[in-house]
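This document opens with one chain alone, in structure tokens, the form predicted alone.
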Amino acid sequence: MNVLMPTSLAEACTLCAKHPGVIPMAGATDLLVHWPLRQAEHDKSYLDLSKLSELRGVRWTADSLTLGALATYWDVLQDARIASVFPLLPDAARQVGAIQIQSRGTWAGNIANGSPAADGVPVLMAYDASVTLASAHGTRTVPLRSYYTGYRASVRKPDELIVSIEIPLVACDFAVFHKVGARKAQAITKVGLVITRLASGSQRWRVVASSVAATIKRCPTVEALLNTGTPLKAPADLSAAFAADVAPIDDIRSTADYRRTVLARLLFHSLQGVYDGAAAP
């Protein structure tokens, strides 16, 4: 294998342009897990971003929170203001794995890996995050909700790098993160659901689902149902809306029917006491 080690973002972008197909590498937590069993798959070029200090840390502005591409889950857990303003970020960070993973794994890597069972991506998407991509030709920003084009596929071009994630400072008066797994800790998500409600506006609800489609997905049909105040008397009232937004499958961890059932129940019961159209169970 070939490992390229740039010392600046400009050099990293140049190397991406010169080496089509090079794989950017940050925390490498997913890469190292698969390496011993799939060594033949790793006979390729990697771009080690660990020396790029300009991609580290978290930054606040008057309008947003920015996570550098090398910002780790632990960076978020250590920032008290994040816990106050965006409480779902530390909630998700605590569930991505053990402390070793939290201290090395990055939010940008979670996005780049493209797993439909990712824990960090749904929370970022529910907070309406955007992704900034850089290349030798310049930068562009893409809403995270529009980033994925299919299973582990995205709008990122081969010569582009994720350099930051920006989350707008918009007040939410309700936010919840659900992760259903085989055990309470260090488990891959069977069904994931994130719900946020803006403190004001007509389109207040955001619903993001994981492990129920080829990608992490906002659920526009479900959101429209909530934004119009449609009465909900039982979880089954959500089933048709979810069917329009997600497409769960049977796999080694669960069945499609289980995922559909749990997803609707999670949302219905989360809405009790906070949604005017929800009947008491």
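Predicted model only: the values in this text are computed from it and were never measured. Residue numbers here begin at 1 and follow the sequence given.
The same protein also has a form predicted together with a small molecule, omitted here; what follows describes it.
Of the residues given (Val262, Met25, Leu15, Leu271), Met25 alone sits with a heavy atom within 4.5 Å of the small molecule in the model of the complex.
Screening Val76, Ile195, Val191, Ala118 for any heavy atom within 4.5 Å of the small molecule in the model of the complex leaves a single hit, Ala118. The chain is drawn here without the small molecule; in the model of the complex, the stretch among 167 to 175, 80 to 88, 93 to 101, 204 to 212 whose residues come within 4.5 Å of it by any heavy atom is 93 to 101. Contact annotation: Val58 falls outside 4.5 Å of the small molecule in the model of the complex, judged by heavy atom distances. Taking non-hydrogen atoms only, Arg156 approaches the small molecule to within 4.5 angstroms in the model of the complex. Residue contact with the small molecule in the model of the complex: Thr149 places no heavy atom within 4.5 Å of it. The closest heavy atom approach of Val33 to the small molecule in the model of the complex falls within 4.5 Å.
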